[in-house]
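What follows is one chain in structure tokens, specifically the form predicted alone.
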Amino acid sequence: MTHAHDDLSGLLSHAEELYRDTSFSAVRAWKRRTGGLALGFMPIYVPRELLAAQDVLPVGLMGGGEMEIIRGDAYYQSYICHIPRSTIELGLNGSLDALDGVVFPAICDVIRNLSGMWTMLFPGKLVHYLDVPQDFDPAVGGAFYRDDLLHLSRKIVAHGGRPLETERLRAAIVAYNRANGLVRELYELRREQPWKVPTHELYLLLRAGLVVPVDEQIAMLERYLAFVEDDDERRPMDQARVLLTGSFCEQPPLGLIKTLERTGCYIVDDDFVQVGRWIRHDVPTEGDPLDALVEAFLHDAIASPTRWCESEAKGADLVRRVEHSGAEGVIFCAPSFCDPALLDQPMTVAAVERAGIPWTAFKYAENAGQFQVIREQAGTFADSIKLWSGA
């Protein structure tokens, strides 16, 4: 790691510094040390293994947070979600100058448009719209996706990156398997003992891991896991266990997550920072590693709002997640004007209602700073679960 963190508070302070640094100082420092390329990516999923294998630092772009939007508002209508406007603002104010380009995965029409704007606003930078398949037949969607990844790889080489080599890609898969496995381990520990892994701490680690090399991310996750596993001072409280869903792209403010926890909610599952959990299990390291990445995307990915699923599948998946996590209720927590999340919500609400699972819903923006209404709503929901669930 860049700094020595001898205690939990020091580790979390470092993670919060990385989370709040919209000028991406850690990325700039990495580029000075290595001379490598840095590519941003929008926040749900790209195969970071491919980038790392070509000596590229993958940098997660999660919007501008509480930053004031001035020029970015000129590029989108008022009924569009907040994250594209803040991303444009970061580009125009120089915060993203350290990036050699941006990869835009297929999330929604707004992000597709954002990739076009980026091409016009920042000529000479690498821009790639990763148009992922919605047909999961290996001969159709698999061939399409593999070709798209190779196209991205060739663009990286054209911008000065290292050519893609099989063994380097395999090694990158091994490294990210370790990082993603630690994330899954922390999610399981939180499910079993949520008082040991407060969600606002886990969230900071996930966000910090988006702007550092994978070996640094692994070190941070290992240290945090060791700290909390050995911490006997954190005690369970009588709080409601809830699953938070809908926040897969534009992320909620840290203050909102803390507010939910303070109102009596243990968040035992969520949709935050999905890139480390998009693939459910380790990517196989046998055979051709590029084929392994493609196969994992086709057949081992989560049921995201951006991913086509059979009718009722997303609702059934949410109910399974509730059962696995032991959640006592569901909070639908989506950004305002997020078409994928809000279009899926009626289907998933119907599924949890059929299963008899309590739920509530609200919307947010990444730059929100006042949470009183959410505090009252979530607190009432938590109280109702503790008072009347199972009655």
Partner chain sequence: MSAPSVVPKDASQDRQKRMIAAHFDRLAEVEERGEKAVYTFVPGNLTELLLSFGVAPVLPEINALQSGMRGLSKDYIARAEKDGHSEDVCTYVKCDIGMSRGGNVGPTGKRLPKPDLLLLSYTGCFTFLKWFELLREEYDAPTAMLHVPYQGGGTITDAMRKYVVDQLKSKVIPALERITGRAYDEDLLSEHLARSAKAEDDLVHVLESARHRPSPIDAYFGGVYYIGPIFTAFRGTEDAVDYYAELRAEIDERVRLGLGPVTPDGELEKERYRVVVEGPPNWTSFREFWRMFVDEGAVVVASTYTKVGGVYDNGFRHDPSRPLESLAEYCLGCYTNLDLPTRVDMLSRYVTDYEADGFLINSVKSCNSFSAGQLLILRQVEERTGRPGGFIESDLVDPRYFSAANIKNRLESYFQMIEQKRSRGDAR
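These numbers were taken from a predicted model, which means no experiment stands behind them. Residue numbers count along the first chain shown, from 1.
Omitted from view is the form predicted together with the partner chain, to which the following refers.
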Given that the partner is absent here, does residue 185 sit within 4.5 Å of the partner chain in the predicted complex, heavy atoms only?
no
Contact of residue 314 with the partner chain in the predicted complex (heavy atom, 4.5 Å)
yes
Is residue 273 a contact residue for the partner chain in the predicted complex, using a 4.5 Å heavy atom cut-off?
no
Could you confirm whether residue 109 comes within 4.5 Å of the partner chain in the predicted complex, counting heavy atoms only?
yes
Name the residue from 194, 264, 305, 252 that puts a heavy atom within 4.5 Å of the partner chain in the predicted complex.
305
Partner-free chain; cross-checking the partner chain in the predicted complex, the single residue of 285, 177, 119, 93 with a heavy atom within 4.5 Å is 119
In the predicted complex, does each residue in the set 75, 129 and 144 place a non-hydrogen atom within 4.5 angstroms of the partner chain?
yes
Just to confirm the contact call: exactly one of 194-202, 168-176, 235-243, 119-127 touches the partner chain in the predicted complex at a 4.5 Å heavy atom cutoff, so which is it?
119-127
Within 317-347, which residues come within 4.5 Å of the partner chain in the predicted complex, counting heavy atoms only?
336, 337, 339, 340, 342, 343, 344, 346, 347
